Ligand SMILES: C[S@@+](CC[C@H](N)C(=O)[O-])C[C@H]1O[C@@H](n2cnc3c(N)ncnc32)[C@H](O)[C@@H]1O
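In the form predicted alone, a lone chain appears below as structure tokens.
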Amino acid sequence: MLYPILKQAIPELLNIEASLFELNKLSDYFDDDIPFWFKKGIKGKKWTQIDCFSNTIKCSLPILEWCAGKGHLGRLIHHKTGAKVSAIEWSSDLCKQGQQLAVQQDIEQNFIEANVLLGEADEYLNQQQHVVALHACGHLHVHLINSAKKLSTKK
């Protein structure tokens, strides 16, 4: 298990539940019971990632999808949990496409056009939500982690 190794290097992990670090087989997370129209336009590997990731979210706290693209992950999480979803994306075109998909699929999801690297999305972070990101590469996820850390120390 990864947790014992990480907690030696990162003492803050002592307060995090060890089960969050358990790795299961991908098939343990795959859900065949999704309406076909959710998958439309999403290629195989990406769909598998979205489906498996969405199955790890078990509570109904609001969801903030970081660097959401068209918001596929957030829409599926809402479908499975009923959680309110906000999607942050810098591309206005992707925001428009994602909002159209949400309306077509009757999903409660709002899109926020913001450049996360410029801190334009930091105001949407709060301690009563889950933040998810499917492909927040490079500095996109680093900024998210640093912003969340600042928020957690502001108690």
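This is a predicted model, so every value here is computed, not measured. One-based numbering along the sequence shown.
One more form of this protein should be noted, the form predicted together with the ligand, which is absent from this view; the next part is about it.
The contact residue chosen from Ser91, Gln104, Asn55, Ser60 relative to the ligand in the predicted complex is Ser91, the criterion being a non-hydrogen atom within 4.5 angstroms.
Here the chain stands alone, but in the predicted complex its contact with the ligand, taken as any heavy atom within 4.5 Å, falls in 60-68 among 96-104, 33-41, 60-68, 122-130.
Although the partner is absent here, Leu140 lies within 4.5 Å of the ligand in the predicted complex, judged by heavy atoms. In the predicted complex, the ligand stays beyond 4.5 Å of every heavy atom belonging to Leu144. Contact annotation: Asn110 falls outside 4.5 Å of the ligand in the predicted complex, judged by heavy atom distances. Contact annotation: Asn115 falls within 4.5 Å of the ligand in the predicted complex, judged by heavy atom distances.
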